[in-house]
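Structure 1 and structure 2 below are the same protein chain in two forms, each given by itself as C-alpha cells.
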Structure 1
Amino acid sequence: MTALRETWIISLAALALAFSLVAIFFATTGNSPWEVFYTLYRGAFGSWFSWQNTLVRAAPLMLTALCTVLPARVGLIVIGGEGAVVVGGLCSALVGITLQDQSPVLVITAMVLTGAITGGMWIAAVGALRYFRNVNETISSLLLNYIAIAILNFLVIGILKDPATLNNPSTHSIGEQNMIGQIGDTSIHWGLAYGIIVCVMLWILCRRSTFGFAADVVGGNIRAARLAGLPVAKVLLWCCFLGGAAAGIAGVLEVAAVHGRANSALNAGYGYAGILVAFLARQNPLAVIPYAILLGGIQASGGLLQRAHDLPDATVNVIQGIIFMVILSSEMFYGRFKWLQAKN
C-alpha cells in the first residue's frame, strides 16, 4: 500500500499546485480566481445536471485513454487513439447499416465487435510495424490518425453518403431502434458503463493475470522477457490490439449512442485527450476513470466559463495545459521522498 499512499499525496499536491498556477493566470486576466473556480465547480460538479454533463464527456475519454495505456504496459507510446476511434466508428456504422433490420441486440453486438476488432487491428498494425520492422510506434500511429481521417472524409462525402444528410455529409442511419439509449432517466448514455466496465476488465487483466505479468516483463526489459521464454510478439500485439479495441468501441458509441451514423464528427479530438488521461493515470487502467472524469469536468465547465465570465473558449485549453504540465512533471517526485514510503 505504500505506493498507493505515495501516489495519493503526490497527485493531490500536484493538483493543488496546478490550481494555484491557474489562479495566478486568472488573476492576471483581471478575473477573481475564486469566482472562476466557483464557476468551474458549478459547471462540472455543482449539481446533478453538471455531474451528468461531466460523465457524458468522460465516457469516450476512458476508452481512448486505454489505447495509450495498454501499449504503454509493453513499453510502446502509441498516440493513435483518434485513428482507432474513426476506423472503429466508421466500420461499425457500415455493419449497423447492413444489419439494420435484425434485432437491436444483435445489431449492437455486431457493431461493438466490429468496432473493437477494426480499431484493434488498426493499433495492432502499429505494434506489428514496431516489432517486425522497428518502425517508431509514436510516429506511425500519429500518421495513421491522419490517414484514417482522410479515408473517413473521402468515403463520407463520396460513395457512403446518404443524400438526405444534405449539408452534413454522413453515412446512412443505423436506425433509431438500434441506438443505445440512456441510463434510466438520466441524460447519460450507456457508453459510460461500457467505459467503466472495459477499464475495470483491463485493470484486472493487467494486475491479476499472467498475461498482465508477462506484459510488465516485456515492458520492463524485452530481452529478459525473450530469455524467460515469454511469447513477446504475442503479448506485444495483444496489448496493442486491446488498446485499439477500446478506442474502437469509443467510436462505436459515438455512432450508436450519439449520432446514429458516421460522419466527420467522429474526429472530435477524443483520441488526443485520451493520451493525456493515460499519462495522468500513470498508465493504470483503473486510475483512468477518475482522470477522465476530471478532464470531462473541466470541459463541461468550459461553456459556463464563457457565458458567466465572458472568457474565450481557449481558457479551457490554458487550464488543461497548466494542470497537465504540472501533473506530468510531478512524476519526478516518485521515489524521491523516503517519508512518503516510511511506514510499513
Structure 2
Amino acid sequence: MTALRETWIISLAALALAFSLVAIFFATTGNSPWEVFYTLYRGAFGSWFSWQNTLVRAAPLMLTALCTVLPARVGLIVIGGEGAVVVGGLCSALVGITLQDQSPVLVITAMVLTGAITGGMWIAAVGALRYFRNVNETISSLLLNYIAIAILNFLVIGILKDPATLNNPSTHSIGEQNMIGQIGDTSIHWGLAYGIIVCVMLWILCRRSTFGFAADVVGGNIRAARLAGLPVAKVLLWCCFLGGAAAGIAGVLEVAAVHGRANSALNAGYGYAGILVAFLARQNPLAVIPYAILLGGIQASGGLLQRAHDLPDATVNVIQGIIFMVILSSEMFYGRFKWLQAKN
C-alpha cells in the first residue's frame, strides 16, 4: 500500500506540474490557458460524441503501452511498440485477405492470432538481442520501428498494392464481413474491450502468478535471479513476447476495426504515445487503462484546439512531450520522502 500511495502522489503531482507548464505554453500563443483547457476538456470528455472519440483512441494506446510495461518489469526499456503495431497489422491483413471467404469468426480469430504472434516475435527479437548479444534494447527496438515502417511502405506501394487505391496506397480489403463491429449504436469498436481484457489479464499475470513474481525478481536483480535458479532467459523473452503481442493486436484492430486494410495509417504514432502511457502507469497493466483514456482524450481534442484557438497541428505532440519530460524527471523523487515510506 505504501508503494501504491507513493506512486499515485508523485504521479499526480507530476501531472499537475506538466499541465502548469502546458498552461504557460498556451499563454505564449496568445490564448487564455483556462479557455484552452476548457476546449481540451470539451474535445475529450465534454459530450458523448467526445467520449466516443476518446475511447476509440484509447483502445490501441492500452495495448501499445503494454509493449513497454511488460519488458520494463524485467528491467528493459523497450520503445518498439510502433514496429510491433505495423508488423502485426500488416501480417494480419494478409491473413484476412487470404481467408476472407471463410467464416468471419475464423478470419478474425486468425487475424488476432497472427497479429499477436508476429508482434510478439518482433519484440522477443529485441529481448534476445539484449540477453544473448548485449545489444541495447532501447536502440534496437527504435531501429526496428523504422525497419517495420519501411517494410510496410515497400509492400503496400509495391506487390501488395490494390490498384484501386491511388491516393492512399493500400492492400486489398479484408472484406466488410470480417470487420470488428461497433459496440451498439456507438462509434466505439469492440477493440476497446480487447484492450481492457488484455490489461486485466496481464495485471493478473504480473501480480497474481509465480511468473509475475519471477519477472519482478529478474527486473530487480538479475544476478540474484540467476543464483535463485530462475530461468532468466525464458522469463525475459516471454515478457518481451507478451508485450509485443499486445501491440500486435493493436495493429490488428487498426486493420479489422478502422481501416479494413493495411496502409501507411498503421504508422499513426500509437506505439510512441503508448510509451508515455506506460511511464505514467509505472509498469502497472491495470493503471494503463485510465492513463490511456487520458492520452486518448488529449489526442481526440486536437482538431477542436486547432479550430477554436488557431493552434498548430503539433499542439497535441507538444502537450504529450511536456508530460513525458516531467514524468521522466519525477523518477528521481521515488524513495526520497520518508513520510511516503512510513508504514501504515
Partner chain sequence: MQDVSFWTVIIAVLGGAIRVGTPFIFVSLGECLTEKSGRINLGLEGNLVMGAMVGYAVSYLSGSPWLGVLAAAGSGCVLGILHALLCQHKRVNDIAVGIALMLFASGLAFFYGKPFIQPSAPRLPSLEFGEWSSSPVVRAALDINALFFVGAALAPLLSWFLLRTRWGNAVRVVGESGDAALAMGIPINRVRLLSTMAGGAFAGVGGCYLSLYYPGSWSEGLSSGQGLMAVALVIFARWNPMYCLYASLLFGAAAALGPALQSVGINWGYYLLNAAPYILTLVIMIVTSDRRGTLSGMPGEFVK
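Computed from a prediction, not measured in an experiment: that's the story for all the values here. Here, a residue number simply tells you its place in the sequence of structure 1, counted from 1. Throughout, rigid core stands for the largest set of C-alpha atoms superposing within 1.5 Å between the two forms.
Original post:
For this pair of chain forms, which number matches the form predicted together with its partner chain?
Top reply: The chain shown first - structure 1 - is the form that fits the description.
Original post:
Using C-alpha superpositions, by what angle in degrees does the smaller rigid part rotate between structures 1 and 2?
Top reply: So the smaller part swings through 5 degrees relative to the larger one.
Original post:
With both forms fitted on the core, how large is the C-alpha shift of residue 321 between structures 1 and 2 in Å?
Top reply: Superposing on the rigid core gives a C-alpha shift of 2.7 Å for residue 321.
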